[in-house]
Every structure is written in C-alpha cells, then in structure tokens.
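The chain below stands alone and is given as structure tokens, in the form predicted on its own.
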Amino acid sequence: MYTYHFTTHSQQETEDIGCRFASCVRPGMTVAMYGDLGAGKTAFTRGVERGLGYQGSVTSPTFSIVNEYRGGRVDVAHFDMYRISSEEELYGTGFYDYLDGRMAVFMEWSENIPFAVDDTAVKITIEHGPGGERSITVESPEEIVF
C-alpha cells in the first residue's frame, strides 16, 4: 500500500489537491472517501472534477445519493453513503451498476459501507485539524503520481 499525506489550510487548497489527484483518475477506479461532516470530501471531489475538465457544478449528493459528472476526461459517479447501512440498501441505489469499468466511482462516507470497499479502492481520509487545517491521507494499492 502506498500512502501520501497532505495538509491544507483552506477549502481552495483542498480542491487544489483534488485537482492534482485528477491526473491519476481513470475509468473503473473506485475511490473510498472517509471523514466527518464538513471535512472536505465534496471540496476534494470538486477539485477532481476541475482537474478532469468538467465544466458543470459539483455538489454533495446527500439527497440524490449519486451525482453523475460527464464531459470531463473521465466520467464520474459521485455517491453519498451517509444514509446507507446495509448491502440491500446499497444495492437499491444502483451502486453496483456503476462498477462496470466505464466510470470512476467516488464514495463519500465509505465508513458506512465497508463491505463494498475492496482492496483495489483508493482510500482518501480527510480530517479536521487546528485552525481550519485539513489532513488528507491517500492510500493506494498502486503507486500514483499527482
């Protein structure tokens, strides 16, 4: 497992790290995101989409469960698993249909679905720090450069 650490001091810096991470995003990639409410998971994803060349708005999929972002270098399905607590509920979201290799799949609140996060997923943990800092840890089963 390869591990990368970053510290950011603003939402913009968190988005900038996401924008850099976009360089390694590819169809079929799954990204499991962990962190408390307001940690910066959606900000990171917004940066990824900017880095992929997506031109539209990027918002939290809290109420829709999944947002699709198409038109960038890689199409992305952005899931919010906050209200998902079982494999049956996850199945009902259509999640497994997105694992066909055509899109990258980003999953916020992955701590709620450990049964759906396999060893091939990139894991991103964002934690609150002092003075508004964010600690971002990226764990990948393969070396990535961003």
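Keep in mind it's a predicted model, so treat the numbers as computed, not measured. Counting begins at 1, following the sequence as shown.
The same protein has a further form, the form predicted in complex with a small molecule, not shown here; the description that follows concerns it.
- Among the residues T93, S60, T30, N112, the one placing a heavy atom within 4.5 Å of the small molecule in the predicted bound form is S60.
- Three-residue candidate spot Q11, T14 and R134; every residue lies within 4.5 angstroms of the small molecule in the predicted bound form by at least one non-hydrogen atom.
- Segments offered: 63-71, 49-57, 103-111, 22-30. Contacting the small molecule in the predicted bound form at heavy atom distances within 4.5 Å is 103-111.
- For A43, a non-hydrogen atom is located within 4.5 Å of the small molecule in the predicted bound form, even though that partner is not displayed.
- Taking non-hydrogen atoms only, D36 approaches the small molecule to within 4.5 angstroms in the predicted bound form.
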